[in-house]
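In structure tokens, the next block holds one chain alone, the form predicted alone.
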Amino acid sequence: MGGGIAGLSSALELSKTGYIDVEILEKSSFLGGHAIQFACKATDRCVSCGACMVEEKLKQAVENPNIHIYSRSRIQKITKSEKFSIDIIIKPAYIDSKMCTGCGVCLDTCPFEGSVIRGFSKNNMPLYTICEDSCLYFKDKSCAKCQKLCPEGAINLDSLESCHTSEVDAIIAATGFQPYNPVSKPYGYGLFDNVVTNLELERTLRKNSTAARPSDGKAPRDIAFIQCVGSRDVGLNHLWCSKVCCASALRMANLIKMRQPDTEITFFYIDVQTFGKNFQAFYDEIQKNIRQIRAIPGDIYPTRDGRLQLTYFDGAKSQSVDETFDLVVLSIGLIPGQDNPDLAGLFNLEILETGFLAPVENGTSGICDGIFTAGTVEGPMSIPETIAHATDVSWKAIKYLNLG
């Protein structure tokens, strides 16, 4: 359950036995979860960010004949006798993956922004999906341009949902996390164009290779990264460290500085979470080019010249300081997935005080034997940690199935 990096890693490990058929149920249109949106942050050498590992796992999964993928799917009912019987509702894809060539005509000709969405990886086929909430065809049938102009005839906007029943011996819940929405923070997210999240900057770097201001597409002269937005926050009762934010922000800052050397970058933090075997050497190098300020800013206001004024408290000088930036990046936290309560109710699993699921790795907990949990459904993990955890859980599942 879940087609992110944990689900993909589990599926691939199970399929290696040669005796196990695996089904991936993914509620969205694309596999890879949040991690497939991450940019490679290699400079003159690999920095072990893990982005390429996600792409590799995705490619292997979609090409594996023992892995069957059901995207846009949701579970309607689960029963258990000797096996689990899972009734699945599959929403229509509208674009036939076997016919689509990824030409992009549907996206280019669509008159209403957000109706056709492009995935982040060419290994997801089809590469595009139709968003029913935005598409005019599903409101009043006033537009069917994409269907008419598709050169392969791969689009059918009248497609209907289908049903599928699976009989399985074990279930791995790998439904991941959700990113914190910072609209309630005093940083102007959603109000000021040039306040973005780290995930949005990841997408920009993946697509365009360089950082740019959303307001005008120009290269920013000054960038501020603000850490722990939605993590380590007593007011939100989010007391945990999200673990991946420091690594993501510092690697992105390093990449931007290499590609756009005229851009000045400031990193605001509480503490820096260590990451990777070569963290200290990397961090020592980072401090030469990236200004570090141990403070969390309080407010952001737009200036008359289209920049952003940021206020923070300088502990060394015991005074508030105002600075202006062209772009502010909020490193948002990893918070429990919105499906966790439903999962807990479905399988009689324990929800921790944090809202993440309590680990179920031996298959003997929950409503009955054969249930496992893997990856960030249990709490924040990096990409390499998630892959390692999902692999370990898969071998416990193999042992449970008496195949190990």
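Predicted model only: the values in this text are computed from it and were never measured. Numbers follow the displayed sequence, beginning with 1.
What comes next is about the form predicted in complex with a small molecule, which does not appear here.
In summary, among the residues 58, 35, 357, 371, the only one with a non-hydrogen atom within 4.5 Å of the small molecule in the predicted bound form is 35.
Of the residues given (219, 270, 321, 199), 199 alone sits with a heavy atom within 4.5 Å of the small molecule in the predicted bound form. Although the partner is absent from this view, residue 1 contacts the small molecule in the predicted bound form, with a non-hydrogen atom inside 4.5 angstroms.
Within 4.5 Å of any heavy atom of the small molecule in the predicted bound form lies no heavy atom of residue 231. In the predicted bound form, residue 94 stays away from the small molecule, with no heavy atom inside 4.5 Å.
Proximity of residue 386 to the small molecule in the predicted bound form: non-hydrogen atoms within 4.5 Å are present.
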